[in-house]
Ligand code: BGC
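Just one chain follows, in the form predicted alone, and it is written as structure tokens.
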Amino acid sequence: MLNNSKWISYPEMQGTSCPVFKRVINKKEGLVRATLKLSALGCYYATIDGIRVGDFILAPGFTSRHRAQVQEYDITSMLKEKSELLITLSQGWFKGRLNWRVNAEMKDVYPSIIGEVMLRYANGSVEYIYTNGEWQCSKSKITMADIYDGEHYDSTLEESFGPVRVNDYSHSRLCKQQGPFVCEMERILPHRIFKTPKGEVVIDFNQNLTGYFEIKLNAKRGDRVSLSFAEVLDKDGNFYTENYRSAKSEFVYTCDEGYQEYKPKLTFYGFRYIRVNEFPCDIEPENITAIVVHSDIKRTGYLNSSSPLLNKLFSNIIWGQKGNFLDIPTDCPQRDERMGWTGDAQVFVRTASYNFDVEKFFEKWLTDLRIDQGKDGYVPFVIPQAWGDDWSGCGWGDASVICPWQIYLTYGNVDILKKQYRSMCSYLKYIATHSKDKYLWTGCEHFGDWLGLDAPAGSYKGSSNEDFLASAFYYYSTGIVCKAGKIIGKDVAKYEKLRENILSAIRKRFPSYNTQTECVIALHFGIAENKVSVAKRLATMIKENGTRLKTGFLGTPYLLHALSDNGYSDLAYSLLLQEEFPSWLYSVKQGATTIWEHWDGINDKGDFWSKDMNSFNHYAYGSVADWVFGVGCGIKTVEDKPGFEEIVIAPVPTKKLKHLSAKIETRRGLVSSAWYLEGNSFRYEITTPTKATIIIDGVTYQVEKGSYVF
């Protein structure tokens, strides 16, 4: 791919300054098609005669260091008789502050671009322009661009072009574009502009979002615009950025003379509020617009209820996914992290695949997981492996098994099982060779029930037994490997036997469960021998805690399922609708517009949980939506008829709500399930695009495609 082109870079690229590469394109008579193929080690922004090429923000995307996607653009209509192609490059995701591993392992590799222009004429002739030593480069007007720290732009600078550096880098990392583009998706006008008690001018967009902004202003040459970003205000109403940690997240723009417009090109921000540090005049709403940026994924799922608070939670879940599905499933979009945490991705993947069409999104991310997986089978806890040690933790490494399985169930994608199966098996082998005890996963480091509310003082980990949790996930993932292997024609006899042995070992070693999360996992994974007793114990612990949860990252996604599957649907609804801390609706009542990392990111006194680990756009706990889709409204996939080829619809209503509805645009068409409380009875309205099994009040109906009322 691009075999005749060379990787080129600025001769001495230093720090976060951004070079710009130039090539003149001379168009002849009879041009019928012109294309630009382009990739980079870094992030690029291309223009022809000042007009942006394509709409891929932060191209070529965040991938494993072992590959770089190539984009192809049709530039036929953009070319004049003589046009100037400019490509501005930043360190982007490739290097920069966020990519510690690449910085260490590839310290002698420069951020570079590679590409070609193809010109096809009516007479059949074809001309190519390759990246090579004939190009020129200069420092650009972008004097700093970094994913964490933001962007600086100086309109007054003059560019001075000279020779490029030609690098003898391999072409083997080049690959076709696999994931969806990252694009500008929405624009939001300021909700209000106000002064804080400290006298600072702050713009509130009334929505925590991921992206950047566009400024429009008249100014004098040398005037400056300086902006800072925040998710929340402190309890006194002042601008608050401590939770961004070391990420500067700033924007500085040096103006030229007259009217001008600008928006950042090579970074993004997570924010609701913008502080105006400097502006040539009193800023007005017409001077600035927020631009929402995320992967170009189609909305497919919708939830609605009679509860305004619950509807706001549903909205927050959608905004949390949009804010964190920016080429990879990031944990958060604002602080000095923004990594593809595997644990967050696996707990949310089912909800993600109902809310949006994420098939291509996860195919691309799972490809990087497969590539970055260690030779011994360990799965890095962030993908791409931008940093971190070479080990796997339970619930995080299991993303290698759980995520492809869910994409198969939602979309009927057998190929993803074929592509990921070796990775899935390799992960099981890693567990087997990194445990003190045969058929268990013991004696290793894990994140545990991360942020569980029963954590000991000074710890981020809940009190659940990590050896039990790890062994339980070992059992659960082995079961998925058995099912996946059968589907693609593999002999899984050894994994079926392994699964039996794991279950026997777990039941012998861990006969009782002492935390909410332990009970949840034992029930949901089918480990508990006496489900009735364990479910009763879980219900009792919840009720004794004031009908409140104590679960963290590993227990929360399955909590309501464990209850409703074992006769406690009413208690599950009580947890879902709980408004006091800790609960999903607590943050809603506190004014959240996305999902929080901590149940008490801001407590009822207005104080923050912590300074260093307190994101207000952290989507993992939004996984509760899959219970609303799958239990509350009852829309379920059938494992041997995936992709909604056949559907089970078994809604579980409650008199705590007057209405609940769900819609999912599947590969087969729209499936919807709604129920309404009418007096002391329920009315059900169901639409299925395929054959379905509908279960209402314990009565089963086998139906064809169509709409039904019960």
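A residue's number is simply how far along the shown sequence it sits, counting from 1. Computed from a prediction, not measured in an experiment: that's the story for all the values here.
Absent from the display: the form predicted together with beta-D-glucopyranose (BGC). The rest refers to it.
Contact here is defined as any heavy atom lying within 4.5 Å of beta-D-glucopyranose (BGC) in the model of the complex, and by that definition each of Asp331, Trp396 and Phe447 is a contact residue.
In summary, among the residues Phe348, Tyr269, Phe553, Tyr427, the only one with a non-hydrogen atom within 4.5 Å of beta-D-glucopyranose (BGC) in the model of the complex is Phe553. Just one of Asp357, Asp344, Asp626, Glu151 comes within 4.5 Å of beta-D-glucopyranose (BGC) in the model of the complex, counting any heavy atom, and that one is Asp344. Screening 407-415, 331-339, 277-285, 251-259 for residues having heavy atoms within 4.5 Å of beta-D-glucopyranose (BGC) in the model of the complex returns a single hit, 331-339. Contact check for Leu174: no non-hydrogen atom falls within 4.5 Å of beta-D-glucopyranose (BGC) in the model of the complex. Contact annotation for Glu597: at least one heavy atom lies within 4.5 Å of beta-D-glucopyranose (BGC) in the model of the complex. Within this chain, Met613 lines the site of beta-D-glucopyranose (BGC) in the model of the complex, having a heavy atom no more than 4.5 Å away.
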